[in-house]
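Next comes just one chain, in structure tokens: the form predicted on its own.
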Amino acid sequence: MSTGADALTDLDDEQLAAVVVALGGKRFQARQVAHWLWKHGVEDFDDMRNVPQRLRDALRQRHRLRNSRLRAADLAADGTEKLLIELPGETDAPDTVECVIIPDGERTTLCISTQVGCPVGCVFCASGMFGVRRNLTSGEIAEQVLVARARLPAGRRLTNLVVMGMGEPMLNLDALLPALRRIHDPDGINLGARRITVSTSGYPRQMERFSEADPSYNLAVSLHAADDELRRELVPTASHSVAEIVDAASRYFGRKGREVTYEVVLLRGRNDRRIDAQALVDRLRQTPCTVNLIPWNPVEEIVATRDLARPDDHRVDAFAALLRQGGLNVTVRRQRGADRSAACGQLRLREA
């Protein structure tokens, strides 16, 4: 159920033009409104200085600028900042999602969400502990960029976007694709498509549809294990085999020419063994790809109920070495925001 139809951020250019014309304005004034919304990120109609007051007042009477507001922020010592975004809920209680700003030298990455909660239910992830409440609208997805951008200090800008926060992006493509077009739009947020990555736990039919998107974005697949039985233990809702998922990702590469990244959240003694490394090598060595290893960020609520632990750096490095020896390109994501609510979904749990 969509709860944000009255927000201007949920309207595409044609819909916004129709609204403006219906209120007595001109089509070019719709472009001005969109410019203020996305280029400048205004939070008040009165900040749209070149839009006639009469049109601003008429828009204000019928629409909100945005759906979202910043409810809480958690800044780590390394500069990573997790934001809790409040949205209209289907009941009187508001919904919340998270996004994360990750500065790293000249690079600043923003991780955004696509659903309130998550239906996938990975055993190590806080986002899906209470299932999924609803999809975000296209405006709610893109607004996270506006909220995060306003948090940046002078001289720093967003350089990269990853859609791998709360939710499964492939299960909300109807809202995600318009949101990405707005984020990419040179007259809007203006982030290059090559700097945008969408991460999925693996839905081949939806991945096929995603491969038809224009412009072309980067694809990451949360694989976690190359063995079907082990993967189902880690991702209980997995309905497709590893072979089906890898085949779909390979077709994406064939169509787009963009190398796919496979993400593996490493859990001590569960999927960081030599046998697990060999299974990944056997499955992926014929596929142009990069394997991104992510040592698990422990979640207090999960540690208390499930036998999961983070591998130490020695185990992670040894696992990476085995993959490289097998001919795979490997990166290791080192923990960020470790002194705060580092894992996805933790801040939302804590503020609930």
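Residues carry their position along the shown sequence, with the first being 1. Every value quoted in this text rests on a predicted model; they were computed, and no experiment measured them.
If you look for the form predicted together with S-adenosyl-L-homocysteine, you will not find it shown, but the lines that follow are about it.
### Task
Just one of 166-174, 148-156, 250-258, 179-187 has residues with a heavy atom within 4.5 Å of S-adenosyl-L-homocysteine in the predicted complex, so point it out.
Of the options, only 166-174 has residues within 4.5 Å of the partner.
### Interface membership of T200, S-adenosyl-L-homocysteine in the predicted complex, 4.5 Å heavy atom rule
Because a heavy atom of T200 falls inside 4.5 Å of S-adenosyl-L-homocysteine in the predicted complex, the answer is yes.
### Message
Contact with S-adenosyl-L-homocysteine in the predicted complex for C125, defined as at least one heavy atom pair within 4.5 Å: yes or no?
### Response
Yes, C125 sits close enough to S-adenosyl-L-homocysteine in the predicted complex that at least one of its heavy atoms falls within 4.5 Å.
### Message
With a cut-off of 4.5 Å between heavy atoms, is Q32 one of the residues that contacts S-adenosyl-L-homocysteine in the predicted complex?
### Response
Q32: no contact with S-adenosyl-L-homocysteine in the predicted complex.
### Task
Using a 4.5 Å heavy atom cut-off, state whether S222 contacts S-adenosyl-L-homocysteine in the predicted complex.
Heavy-atom contact with S-adenosyl-L-homocysteine at 4.5 Å: present for S222.
### Task
Just give me the single entry in E81, E263, E86, D227 that has a non-hydrogen atom within 4.5 angstroms of S-adenosyl-L-homocysteine in the predicted complex.
The option sitting close enough to the partner is E263.
### Query
Just one of L284, V299, L37, V291 has a heavy atom within 4.5 Å of S-adenosyl-L-homocysteine in the predicted complex. Which one?
Looking at the other structure, the residue within range turns out to be V299.
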